[in-house]
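Here you get one chain, nothing else, as structure tokens; it is the form predicted on its own.
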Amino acid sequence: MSTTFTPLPEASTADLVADRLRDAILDGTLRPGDRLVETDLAERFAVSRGPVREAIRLLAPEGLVILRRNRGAIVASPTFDDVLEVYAARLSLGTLALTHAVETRSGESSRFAEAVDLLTTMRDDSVQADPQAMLEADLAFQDAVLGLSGLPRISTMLEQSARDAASFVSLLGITYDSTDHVALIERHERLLNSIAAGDADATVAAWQQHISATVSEFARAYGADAHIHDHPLAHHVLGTNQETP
């Protein structure tokens, strides 16, 4: 190739502004429904409005910001429908990835050992004492397990859904308490053991159980327990054989 490209800076101003806004949203400084006024943000960051506008645009696909035509942008306030849609996709794509992982005997690979190490990290008391560290360890474990499939496009879509899930957790103020840790780790252990045993049915069942438990946790945050089974997507994320309470 004869074309010569000019080296680019490691991060543009828009990227840096997006990083600062993302941090402010995820740590609760900016709350769901807060308006993102370009002129105010430009003044605070001491930049022109262009990078601020681009930064806000960058955050929209992450589900952190909602762009409203002729009305500006606001920090997203995810609905329970949003949660169900993301986890329905996560369930379906994860089932495909995990089935392929079992069929290709990935339980015998070095990448499987990485997932085992990440689960060990989740058992660490210091990690469990830090909600953000626990969230990151949990999602890293899931990414590693789902990545066992070796299906790059499926993995990319699952990684995006994991980012959506992380933003939901932060925006809704969901925390990982000690009771959640025990149940969460037990679910992940069942998932790993099923993969190692080469049992596709048990692996899919373990993944279904994890998705169902996670969505139920979100339902409690929304106060939606009594109506969760009435939602059109509920049978996808909770299992078709579950009875309405």
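Residues carry their position along the shown sequence, with the first being 1. Note that the structure is a prediction, hence the values are computed from the model and not measured.
In what follows, reference is made to the form predicted together with the DNA, a form of this protein that is not presented.
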### Message
Taking 4.5 angstroms as the heavy atom distance cut-off, pick the stretch from 180 to 188, 58 to 66, 205 to 213, 34 to 42 that is near the DNA in the predicted complex.
### Response
34 to 42
### Message
Please determine whether residue 220 contacts the DNA in the predicted complex, using a 4.5 Å cut-off between heavy atoms.
### Response
no
### Query
Looking in the predicted complex, any heavy atom of residue 150 within 4.5 Å of the DNA?
no
### Task
Flag residue 48 as yes or no: does it have a non-hydrogen atom within 4.5 angstroms of any non-hydrogen atom of the DNA in the predicted complex?
yes
### Query
Is residue 72 a contact residue for the DNA in the predicted complex, using a 4.5 Å heavy atom cut-off?
yes
